[in-house]
Ligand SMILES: Cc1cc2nc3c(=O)[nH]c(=O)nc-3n(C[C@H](O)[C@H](O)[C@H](O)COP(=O)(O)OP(=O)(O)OC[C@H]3O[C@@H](n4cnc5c(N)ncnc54)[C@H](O)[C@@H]3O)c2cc1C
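First, one chain by itself in structure tokens, the form predicted on its own.
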Amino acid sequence: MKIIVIGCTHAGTIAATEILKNHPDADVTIYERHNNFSFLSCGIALYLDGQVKRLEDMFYSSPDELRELGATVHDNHDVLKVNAKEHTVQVADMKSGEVFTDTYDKLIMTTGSSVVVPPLFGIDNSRVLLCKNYQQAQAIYNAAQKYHHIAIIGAGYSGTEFAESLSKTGHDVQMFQSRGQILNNYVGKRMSSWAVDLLRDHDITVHLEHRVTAFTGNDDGTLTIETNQGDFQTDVAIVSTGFVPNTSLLRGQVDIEKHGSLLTNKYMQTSDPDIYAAGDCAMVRFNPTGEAAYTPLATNAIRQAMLVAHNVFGNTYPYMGTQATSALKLFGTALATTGLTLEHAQAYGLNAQEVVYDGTWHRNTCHIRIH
């Protein structure tokens, strides 16, 4: 059986490794548009504040390691088209320009996600940076060595971690969040207020309910950030406004959720029985609601990839779903969350209440569902 893996960050690397470990004679071909695999984007903030000295240490595998395991690895190769009916992929060698067709028996989609690029005037300004992959992380690090005033657009995990790291290195940091709280996909308003106070205590300016509308370069080389509440000046802006799944290769060929991610069954199998998906390109079962949800976390990607590596040989290992458990260390304090926030539970229609315990060792916020 020939297996093609498209994309090789967390899910692709783990799926290929697990297949070859348990089926050393398997015919596994990997296509990846970059020449670096398995980049830990969650470690970028550690690199920015010097906890990690070399960005290259954020890789836990490589094309050569996968080749040694027995995979046929094509880095710097971009998959242009998938024909699910014919079981073929059209691929471009990004160095030579050659375009060729390959075939598969089973296809594993681990194409991940990309940073959401807001359709804003000036988003293509050289001082407006995105951050998810290795090359983008290098650009941010280089900018941080040169400029003092840095703005973070978006206040999810990545944006909050970037703000902390750049504050630790002496930068003047502003955060812009369109909502009335930060970390809105992970914590409730009470915990958000605590985190905002902590950021402000460390001289980070947090602008809540400030929706960025445009970026304008100035004659003196600075950048103007235009918002619904006025204009602000900075040297560099880092856009961290969430992620969008990379699923265009299968559009119109398998079932896709309205926001673009691939719908899978409990075996991580798409509506095409010969195509599996794992990681940021796929929906997952969110156990607190029992419904599918988009939850782009590395922990989910790795767990799904482990299961896909077995299920391509026969659906035997179901995915049990996720509570979306995650954690953030912010200025020496750990912030962790699992399941639904109170606001999300109420929005979903659940009869829920909030209980806060404040003690010597821990501060806990619990959201209790009332039956």
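For every residue, the number given is its place in the sequence shown, counted from 1. None of these values were measured; they are calculated from a predicted model.
One more form of this protein should be noted, the form predicted in complex with the ligand, which is absent from this view; the next part is about it.
**Student:** Does the ligand get within 4.5 angstroms of any non-hydrogen atom of His34 in the predicted bound form?
**Tutor:** Yes, His34 sits close enough to the ligand in the predicted bound form that at least one of its heavy atoms falls within 4.5 Å.
**Student:** Please run the contact check for Ile4 against the ligand in the predicted bound form: heavy atoms, 4.5 angstroms, yes or no?
**Tutor:** Flag for Ile4 set to no.
**Student:** Can Ala71 be called a contact residue for the ligand in the predicted bound form at 4.5 Å between heavy atoms?
**Tutor:** Contact with the ligand, no.
**Student:** Is Leu66 close enough to the ligand in the predicted bound form to count, meaning some heavy atom within 4.5 Å?
**Tutor:** So Leu66 does not count as contacting the ligand.
**Student:** Taking 4.5 angstroms as the heavy atom distance cut-off, pick the stretch from 222-230, 200-208, 172-180, 297-305 that is near the ligand in the predicted bound form.
**Tutor:** Heavy atoms within 4.5 Å of the ligand in the predicted bound form occur in 297-305.
**Student:** If you check Ser62, Asn315, Ser41, Thr337 against the ligand in the predicted bound form, which one has a heavy atom within 4.5 Å?
**Tutor:** Checking each option against the ligand in the predicted bound form, the one that comes within 4.5 Å is Ser41.
**Student:** Heavy atom within 4.5 Å of the ligand in the predicted bound form: which of Ser261, Ser158, Thr270, Ser165?
**Tutor:** Contact residue from the list: Ser158.
**Student:** Between 240-262 and the ligand in the predicted bound form, list the residues on our side with a heavy atom within 4.5 Å.
**Tutor:** Going through 240-262 in order - heavy atoms within 4.5 Å of the ligand in the predicted bound form - the hits are Phe243, Asn246, Leu249.
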